[in-house]
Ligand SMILES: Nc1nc2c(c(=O)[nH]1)N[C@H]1C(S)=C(S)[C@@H](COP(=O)(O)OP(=O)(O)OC[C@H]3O[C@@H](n4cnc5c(=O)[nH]c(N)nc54)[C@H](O)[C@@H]3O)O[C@H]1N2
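Below sits a lone chain in structure tokens, taken as the form predicted on its own.
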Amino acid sequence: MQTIRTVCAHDCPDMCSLLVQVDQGRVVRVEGDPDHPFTAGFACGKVNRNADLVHSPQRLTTPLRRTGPKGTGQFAPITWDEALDTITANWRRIIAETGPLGILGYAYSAHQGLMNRGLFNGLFHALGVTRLWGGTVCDSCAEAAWDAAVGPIGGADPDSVTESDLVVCWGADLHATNVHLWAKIEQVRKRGVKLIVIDPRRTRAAATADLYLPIRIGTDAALALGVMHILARDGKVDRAYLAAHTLGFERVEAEILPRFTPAYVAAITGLPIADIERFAALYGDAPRAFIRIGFGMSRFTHGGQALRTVALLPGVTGAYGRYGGGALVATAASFGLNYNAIRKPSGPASVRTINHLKLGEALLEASAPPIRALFIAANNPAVTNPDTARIRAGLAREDLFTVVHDPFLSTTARYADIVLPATTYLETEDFYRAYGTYYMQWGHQAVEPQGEAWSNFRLTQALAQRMGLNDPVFHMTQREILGELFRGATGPLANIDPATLPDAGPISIGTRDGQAFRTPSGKLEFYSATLEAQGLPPLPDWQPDPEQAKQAGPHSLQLLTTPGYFQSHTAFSGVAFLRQREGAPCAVLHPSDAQARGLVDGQKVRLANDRGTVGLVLRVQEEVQPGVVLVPGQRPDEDALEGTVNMLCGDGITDMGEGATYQSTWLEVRPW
């Protein structure tokens, strides 16, 4: 029996260090690394089953060529040479006929390794093909909003929560997406630190919180401004910190806050005035209040303004200046690695770029030239993208040459002309930096690739060499490329010898310093000239979602999509045990909404709007407030009665960062 130390590559902020037990070439156990201060010796319920993922009977074991209509999943095995010859012949033909812009390729977040994810994008950058602006389906709005307030730099260190005197989970379901932070919060609660949970869903954390605020979707900015109003009213504003480290609070105080009285905020958010007052009092009395902000808050029309306003709140009390205080959305911006060595080895500085959430539109409508070839790795857009019906219509084009690299025959892969078997992260090595902590670590390969699976890294280099690319990264080993990632590094990274990293285990670049700001002013910006120049409100504010007036009728329900606890996204669909633990794809209604529609728990129901219909099983419980329908998890069609929830979501964009607006969706629920 061998024990291999590696890193979890799933799309999760924790980036856990793992110990993998291997016996005769098979993974028999995956557990948390007790020597990692954040992983703390345990893995989440999903990753605990990664042995089943690696050895799933549903794994692809050989390259496949389509033999039937697109979408039907009819394929025949071929060799790797046949697959690579077919791919490169098609790419060369398209480049010769219409130029490289006729090809669109990308790798996204199902593999978080910097090389297995980044090098694919480097291949397409070097080829000069049409590029994908990835992340708009997930975090681009949150990132733009944080940058407008704080700048492109990471937030509070989650390790610092052990010294916090108040913890606020704002739109962050930690049990689903950040469970190791939850473990630290449990520790500090034992010494009397209070927990506040603000979420439209009654999450597992909310059920145990000292104060739970079931806020209406899209009203977070109003609550944050209401808290600022009370803090100013009650003399709990750190004027010295504001004067030294922020810009524009005096304008917010004079022009915005007078409107956001407790009564006005209660009417907007649906929260009792007493709870708003209590939240503000607890926050104002906690010098080191820690706010964990979730990405989901930003996924509606005014999502940028919402997240930006919440991110400003720690500046009012000076919490940003104290270890244990502040706010955290993500940490990735603080890792000053030389990403371009992998992602942009050569190629034109700018070419046509497609917004990730507009992929369906691009496949159906792009011209001069149209998209004629598509390559997808580590992503399943036929399920996870909004406007799913148009995505699938585009993928169904017979004149679109599509290649999908995936460990499983995903919904997207069923539309491909060539499907290539991919390794899981346990079958390759890579380097990782977290986006929810300040740790980085080398991940060792635990087992050999299953069947004929290839890693993203190996496939990228093979395609690059067949396409005649001579950039050094397409010939280097992963450990050689690691040196390039650290070339020119500054700050804490400058003192690290990359050659030592494969044996070093987890390394933190976190500090005890107060929050730094990388805005144009170098301060926390309550007033943003950058936003004003973009035609956006320069001061934080709240306005109703304009989509509600367009979509919502007198009986319509607002959609809330959240990660499932055992099926957060389709990367875990290959594990039957986890699908069973999650249960059938469901829609959750408040008892009053179910009763008004004559619906009962366990009934088969149809969710419908003008974009389509989805068939799910109904759960009736007080997990959500009236007026909301909750659909947890990203699930493939075959798990549901019919369809997948993103068929109901349009491709509208957020106010900042051109992100997806999943929560700006209204629908009705009827019997199946």
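When you see a residue number, it is the position in the sequence shown, counting from 1. Everything numeric here is computed off the predicted structure, so don't read it as measured data.
The same protein also exists as the form predicted in complex with the ligand; that form is not shown, yet it is the one meant from here on.
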*Among T437, Q305, Q441, S410, which has at least one heavy atom within 4.5 Å of the ligand in the predicted complex?*
S410
*Candidate from A366, V137, I509, L599 lying within 4.5 Å of the ligand in the predicted complex - any heavy atom*: V137
*Counting only heavy atoms and a 4.5 Å cutoff, which of 71-79, 158-166, 366-374, 193-201 contacts the ligand in the predicted complex?*
193-201
*Taking heavy atoms and a 4.5 Å cut-off, does A289 contact the ligand in the predicted complex?*
no
*Can you check whether Y108 is within 4.5 Å of the ligand in the predicted complex, heavy atom basis?*
yes
*Is C12 close enough to the ligand in the predicted complex to count, meaning some heavy atom within 4.5 Å?*
yes
*Report yes if any heavy atom of F295 sits within 4.5 Å of a heavy atom of the ligand in the predicted complex; otherwise report no.*
yes
_the ligand in the predicted complex - contacting residues of 164-187, heavy atom within 4.5 Å_ = W170, G171, A172, D173, A176, T177
